[in-house]
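Presented as structure tokens, the chain that follows is alone, the form predicted on its own.
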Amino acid sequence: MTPSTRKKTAAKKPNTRAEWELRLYVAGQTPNSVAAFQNLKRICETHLEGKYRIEVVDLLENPMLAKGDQIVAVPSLVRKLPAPVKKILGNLSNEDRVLVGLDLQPVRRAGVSHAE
């Protein structure tokens, strides 16, 4: 992650339209901010196979950018596309929760068995 106000990380395949638009709000190069970016990048590479775009917004450099997505804590991830917009707070270290939050994995309910 570089110290820029906005950094875009394109999907792996050139000339491929990103189906997932993700915006990660951070506050400088804190350990949580760096971890959130690394975790998000790993999750995207594993589960979205080059069909994503990550935009990193550093609120220390431009705090007014938080207003549009109503960001009150960082790091915060906002899924812009596909609709609906979703938000996930924290360093994204719990992959199962991130996958559920992004609708990439169904919610697992305790006590429910899928085997019959």
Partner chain sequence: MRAKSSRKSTTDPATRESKTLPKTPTGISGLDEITFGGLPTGRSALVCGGAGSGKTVLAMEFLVHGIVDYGEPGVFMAFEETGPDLRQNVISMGFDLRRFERAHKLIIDSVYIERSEIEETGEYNLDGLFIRLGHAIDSINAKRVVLDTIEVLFAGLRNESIVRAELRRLFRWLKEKGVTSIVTGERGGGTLTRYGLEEYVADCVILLDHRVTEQISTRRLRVVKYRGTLHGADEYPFLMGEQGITVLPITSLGLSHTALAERVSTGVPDLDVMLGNKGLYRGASVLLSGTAGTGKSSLSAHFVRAACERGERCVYFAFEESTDQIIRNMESIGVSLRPWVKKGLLKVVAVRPTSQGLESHLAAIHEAIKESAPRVVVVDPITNLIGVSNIAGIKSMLTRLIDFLKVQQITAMFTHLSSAGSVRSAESTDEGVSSLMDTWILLRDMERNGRRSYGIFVLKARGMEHSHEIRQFRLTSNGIRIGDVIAEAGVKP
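Residue numbers count along the first chain shown, from 1. Note that the coordinates shown come from a computational prediction; the quantities given were computed from them, not determined experimentally.
Just so you know, the form predicted in complex with its partner chain exists too; it's not on screen, but the next bit is about it.
None of K41, H47, K87, R53 but one reaches within 4.5 angstroms of its partner chain in the predicted complex through a heavy atom, and that residue is K87. Against its partner chain in the predicted complex, the set Q29, V78 and L104 makes no contact: no member has a heavy atom within 4.5 Å.
Contact check for L24: no non-hydrogen atom falls within 4.5 Å of its partner chain in the predicted complex. Of the heavy atoms in P63, some are within 4.5 Å of its partner chain in the predicted complex.
Its partner chain in the predicted complex is approached by A73, whose closest heavy atom lies within 4.5 angstroms of it. Taking its partner chain as it sits in the predicted complex, the stretch 89 to 104 comes within 4.5 angstroms of it through a non-hydrogen atom at L89, G90, N91, L92, S93, N94, R97, V98, V100, G101.
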